[in-house]
Every structure is written in C-alpha cells, then in structure tokens.
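This document starts with one chain, in the form predicted on its own, laid out as structure tokens.
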C-alpha cells in the first residue's frame, strides 16, 4: 500500500530521530520564549509576535495565511517580498536558528559549514516542520559559498529558484544583471502559482509593504527618540515573527505595539534604567530560537538598544524608490532596494556597513558594540577587523563573540558579555 501511495515509510532509526527532534526542538523554543517573557516591562501588545513564534516552533503549525495561498521559502532579505505577494503567494523566511535541526544537519554537511546552513539542511532531512515542508518553492540568493552549495542541495529535493547576487552594486551592468535575475524569478513564480506579474498586482504589493514599512518607521523612530522604551530582545522577536506572518496582519500587530509604546513614552515609563549600557549587536544573523546573545545582554544588565543584522530592522526598513511606474520600473526599484543600501558583506566593497553602524551609534547613543560571528560564517568574520579599527577611532568598546548552534557555550559567553558590560559601566566607554 505504501508503494502505491508513493510514500517511503520511516525506519526505526528515523522514527527515533524525529521523536528526539520533536522533544528537544520544542523544549529549546519554549525555553527561549519563557526567558523572553520573563524579562521585565514586556508590552502587552508583544504577545501576538511571541505567539507566532510559539505556533511555528512549539506547536509546529504552518504559517497563517488566507486559504489557497501557497508559500515560498526565502533564504535572504534580497528576495523582494513584493514579487511573491504580487504573484499570489506568501514569502516565509527559512534561515534557521534551530539547535536541534543543526544537530541533524551537522551529520550531512562539512564540519566547517556555518550552523545556519546546517540547520536548514537538518529541517529538510526530517519531516517535522510544516513551515518548511509545505513551501511550493524555495528562493535562494547566492550570498556566500555555503548558500551556493545549499541551493544545489535543495534543487535535488524540491523546486528551487537560485538568484545570483552581483559582487558589486555600483555599476549599471551589475544592476542590470540582478534585474535579469528578478525577471527569471518571476517566471518561476508564475509556473508555481499560475499568476503572472502585472502592473496592478505589483503596485498593490508595493502598497502592502509600504504600509508595513510605515509602521516599522514609527517603531524605529520610537526606539531612536526613547532608546530605553523597549528591550532589544522584544524588538528582535517582532522582526523574527515577520518571517511567518501574513504581512497585513503583522502590520496591524506592529501598529498596536507602536500605540502602546507611544503611551508609555508619554507617561515616561521606560523598560530599563537610564544607567544601563546601550549595546549595538551586529554581525551574523540572530534567528529564533538562537536568542542566546540578546538574552545574555539583557540578563547581564545591558540594553540591546539597536541591532544591525539582516534578521532585524535592516532587512525591511528600506522602501523602494519607484520613479518609473511600469512593471520594469518597479522591478528595477526593487532590485536597487535589495542591493544598493544593503550592508551584507557578500559585496566586495562594503563601506556602507561602516557608515550605517556609525549612524546607529549616533542615533541610539550606543556605548558598546558586540560583533556576533556564527562559527564558519567567513564573510562576516572577515569584516571584524575593519569595524574594530573604526570603533577604536570613535572610542567605542567592541567585542567579537563567536557562537555555534548549541547551549554548551552559554556560560562562556555569559562571562564575556558580563565583563564587557561591566567594562562600559565602569569607565570602558571613552566617548
């Protein structure tokens, strides 16, 4: 009967592996959510975002969306969500922070591959996460060698679109090349959804993202004017929940959170004390449930005042500058938005990253920088020296922390993060 249904039954080892995955994966997610909820001064309107993360990682539910809408898994912020919405699907970000999936992927990938890619491969190996398994298409921009090999590995298992990212972004021919990638991506989307890309559908999708970006700009402005109004762990939960939420729903949830934060600001009710060191987190992406670093910062007496990571505000805050109101003009605007302001180290010249970090230090009155490196993430690790030199010129303390997807290094990280925060409190900040 199984052969007639084209179903391959799991052997006993695979059954045990899935049971361990269900048990351990749920436990880690629930532990992280519990630690987030235990932080003081959690806004009431943060609950919908945490419930989204709980539904995906604890209850193992699929992304909520209108009936009949397929999902497209994306593996980088350089995949324009507007195109996916315009062609009748919902984007879900599938870069993973799962320790349990990492353990599975570790057995089938090279030792020095980054944990993010290992976790993605782990999820693909085990049929346990609907948000991964139910995607009709995977979209993988080639931003590093590991992502390139991941794209090839996924192509053997399910429909996968590979987007080639130019090494440079300031020359017209580089942008022309990426526009061509978006046209090819649109053709693949049409094969999956049966819906072509039209001016109206793309314009409507751009309006949908514009509404969300307006609320995000409100949120950023509140954090900038009142750096102590909300903890960074809460903010990163908001941005991670975007990965699995139908965009208009996320926009409404963020609007409610902004209203609550505005009221708190008027009443001068801050989330933390004024004398807590304000930390900027940058480097490799921080993806739920791998919230070790944000939670350590805020449990050790610091405030994660801002982040400069692709899973944070950076991944969504730049709206497209649409001048030519045609399909081609909008695709070119989306191409520019995805690449030119982006601070990803995949680009050969990345001075924009230093400029952006300097701007964040000024806007959020940052007193120290934590540079997060996932073990094996060479593109981010390569840029640390340049940032360190710049922070030395500014008189801002900076520390590099290297982590993996496990809990074994938590105590070592705790010691280093606590010492760094104490350094800032007692004279380490020369600014």
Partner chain sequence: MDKLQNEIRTALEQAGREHCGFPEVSWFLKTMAQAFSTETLINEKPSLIVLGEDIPRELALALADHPRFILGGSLETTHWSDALLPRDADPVSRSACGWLLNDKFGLAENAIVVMALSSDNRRKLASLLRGNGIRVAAADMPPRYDTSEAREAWTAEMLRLADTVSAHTRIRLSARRLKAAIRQREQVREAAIDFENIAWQATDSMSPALRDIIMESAWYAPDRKEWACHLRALTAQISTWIRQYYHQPDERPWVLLAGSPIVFPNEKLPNLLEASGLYLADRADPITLQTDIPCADTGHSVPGMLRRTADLRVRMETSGSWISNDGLLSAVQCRLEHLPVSGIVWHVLKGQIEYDFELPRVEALAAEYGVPVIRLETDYQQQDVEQLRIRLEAFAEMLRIRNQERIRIAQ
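Numbering follows the first chain given and starts at 1. The structure presented is a predicted model; accordingly, all values stated were derived computationally and were not measured.
The protein also exists as the form predicted in complex with its partner chain; that form is not presented, and the subsequent description refers to it.
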property	result
Proximity to its partner chain in the predicted bound form (heavy atom, within 4.5 Å), stretch among 234-242, 279-287, 140-148, 94-102	140-148
Contact label in the predicted bound form: residue 171 to its partner chain, heavy atom within 4.5 Å	yes
Close approach of residue 157 to its partner chain in the predicted bound form, 4.5 Å, heavy atom	no
Residue contact check: residue 181 to its partner chain in the predicted bound form, 4.5 Å heavy atom	yes
Touches its partner chain in the predicted bound form: residue 63 (any heavy atom, 4.5 Å)	no
Its partner chain in the predicted bound form: contacted by all of 41, 272 and 317, heavy atom 4.5 Å	no
Candidate from 379, 28, 401, 50 lying within 4.5 Å of its partner chain in the predicted bound form - any heavy atom	379
Among the candidates 253, 309, 106, 346, the residue which, in the predicted bound form, approaches its partner chain to within 4.5 Å (heavy atoms)	346
